[in-house]
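Only one chain is included here, represented as structure tokens and corresponding to the form predicted alone.
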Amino acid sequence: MLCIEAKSLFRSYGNVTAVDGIDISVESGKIFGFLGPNGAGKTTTMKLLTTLIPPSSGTITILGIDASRHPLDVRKKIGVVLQQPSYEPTLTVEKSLEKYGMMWDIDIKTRRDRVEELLTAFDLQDIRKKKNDDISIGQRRRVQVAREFMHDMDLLFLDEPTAGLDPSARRGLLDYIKGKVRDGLTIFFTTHILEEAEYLCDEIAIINRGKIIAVDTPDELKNKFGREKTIKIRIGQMQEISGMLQGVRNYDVSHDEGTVITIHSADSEQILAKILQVLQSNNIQIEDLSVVPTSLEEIFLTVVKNSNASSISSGK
């Protein structure tokens, strides 16, 4: 079942087209990553899907509801954590969570139970009695995300939810999100931290200049766009081998407690074979050989770069 379905979605601001005819399909119970450089159209898309702004044209169906015709019905079933800070400066952390539960008309017993659950899950116990104005930016962000889980929802939009969090808090939040998805929640997730998307998302869409330029699972994106591989060969002692490798291209040599030959190419296997043949013929012993998998960040940069080049060549 599709939780989000957007078709031919456009949004313009005067002469500027922020979202340019995109289609989005998100299955229920999945984590959908939405990536793109600054100004690509991520925030506008999220505002469209959460009914904060109407589309210039196109259709949006959220949880089976026509979002343009029935935005209030959509809002009752979703949660939204925007990138902008949002907190009550004079309320304590504990009271902030309680207030949010009251706003959603959660009964008092459920409200109190959820406050305790979230204080523990988001490591907020030690600051529960502190005012939001007296805690750090990262702690406020944890409170901002935690309070959204005070109410029941079928779909949660998270816009850069880990901004300002330390690595431990970031991993804790991501694991908590994974647990909620196992319970049936659907997540629409934007981030600039590509490792997060790779760790968390079932499917990823990359948007650039208002258009979706790639969409697939993280593994399939790597298969499609990750033709280049990085191979490292470590030789025990420092040796000057440039002369031996004349005629071999697309490799680098560095010296750090030995000599490391690094191959980074779409033809890395062929180059490796040539280098191994040279090393063997010169009786040079290899201490270590490793293949570094293509990261999602490299895929992202490649796809966006190719998209920009295509736009320039077409005059757009």
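Keep in mind it's a predicted model, so treat the numbers as computed, not measured. Quick note: we count residues from 1 along the sequence shown, nothing fancier.
We do not show the form predicted in complex with a small molecule, though everything after this point is about it.
- With the partner left out here, the small molecule still marks one of 24-32, 277-285, 61-69, 41-49 in the predicted bound form; by a 4.5 Å heavy atom cut-off that stretch is 41-49.
- Among residues of the shown chain, Glu196 is not one whose heavy atoms approach the small molecule to within 4.5 Å in the predicted bound form.
- When the small molecule is considered in the predicted bound form, Lys178 lies well away from it, no heavy atom lying within 4.5 Å.
- In the predicted bound form, at least one heavy atom of Pro37 sits within 4.5 Å of the small molecule.
- A residue is said to contact a partner when one of its heavy atoms sits within 4.5 Å of a partner heavy atom; Lys130 fails this definition for the small molecule in the predicted bound form, lying far away.
- Exactly one listed residue, out of Glu203, Glu98, Glu148, Glu160, brings a non-hydrogen atom to within 4.5 Å of the small molecule in the predicted bound form: Glu160.
- Here is the short version: of Lys232, His192, Lys77, Arg171, the single residue with a heavy atom within 4.5 Å of the small molecule in the predicted bound form is His192.
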